[in-house]
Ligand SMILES: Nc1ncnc2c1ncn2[C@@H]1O[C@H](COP(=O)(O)OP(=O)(O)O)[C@@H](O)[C@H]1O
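Given next, in structure tokens, is a single chain: the form predicted on its own.
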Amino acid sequence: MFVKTPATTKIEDETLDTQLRPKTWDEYIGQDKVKQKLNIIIEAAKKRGEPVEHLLFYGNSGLGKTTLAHVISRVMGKGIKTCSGPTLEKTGDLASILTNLQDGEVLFVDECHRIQRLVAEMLYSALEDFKLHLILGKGPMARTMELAVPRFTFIGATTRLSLLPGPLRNRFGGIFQLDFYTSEDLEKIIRRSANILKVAIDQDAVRLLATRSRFTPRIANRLLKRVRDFATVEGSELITKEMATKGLELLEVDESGLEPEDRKILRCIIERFGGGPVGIKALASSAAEEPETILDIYEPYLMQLGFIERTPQGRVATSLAYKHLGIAMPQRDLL
């Protein structure tokens, strides 16, 4: 019997994510205001016969920034090259990518706030004038060479807008924030994904998954796939609310959508730091997590639920967090 390993599950998930990714505006559910503004920018560029202006998308992980970049390239009828900010370690890496682009193509860079400083400085002229300024040689023999690159559209995505260098941020023609999704939009996404995966699921199960998806499409699709696996093992051809509930219990996803790591962070604040305030570095060390992971993955949702608050002194657990974990709130905090 074939048993899934973490490696095979990851490969399967990546393949399924590609299948589930929307390819047109109509398939892309949610973010209506952003789509409306982007559609105007794209249609205007097409009528002028020009590349789309450089665009920046920011917001939490899993909200559809990468998908938007792919939809834009399809609507424009152009190709897309993708990479991640940390992979652009040297100026030569950027020069290689830019010189191999075709006119009008899209270069999508995820985590663009992590582009190395020297690489970012080379990128400025490419974004503004579609030229690269290369330094050849060293010392007194060094000289500058100007190299033209194709007129391309740069689309950046980041979860940390504040870390983006000002000169880079100023070169984007449009900057758009992607917000958390509504339960109604998540239900539409889950039904669409279930149809693509050929999974039978009733409306109550769809609604349950939507309420535990942290307002995020990527998580909604992940939970659907894992509940589908559970139903397959149980021999059920239909995912019911009861089946979905059992699957979510197995995954340790509670009624608020919190997973074990979320609850661990809340317990650290409450049990080790008396409810706070606690700084991000101390919290990360206590929870055995990277500060960036807490800032990008866990904290936004916990703040959205009202379970933690940021203060000048650090993070503080609210009465809602105590109630959710079933921990009595100290009397001094009730004053």
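All values derive from a computational prediction rather than experimental measurement. Each residue number is its position in the shown sequence, starting from 1.
The same protein also exists as the form predicted together with the ligand; that form is not shown, yet it is the one meant from here on.
By the criterion of a heavy atom within 4.5 Å, E27 is counted among the residues contacting the ligand in the model of the complex. In the model of the complex, the ligand lies within 4.5 Å of some heavy atom of P217. For G276, no non-hydrogen atom is located within 4.5 Å of the ligand in the model of the complex, even though that partner is not displayed.
Of the heavy atoms in R21, some are within 4.5 Å of the ligand in the model of the complex. Heavy atoms within 4.5 Å of the ligand in the model of the complex map, among the stretches 125 to 133, 73 to 81, 248 to 256, 217 to 225, onto 217 to 225 alone. Only one of L209, I115, I265, I189 lies close to the ligand in the model of the complex, with a heavy atom inside 4.5 Å, and it is I189. Applying a 4.5 Å heavy atom cutoff to the ligand in the model of the complex picks out N60, S61, G62, L63, G64, K65, T66, T67 from 48 to 74, in order along the sequence.
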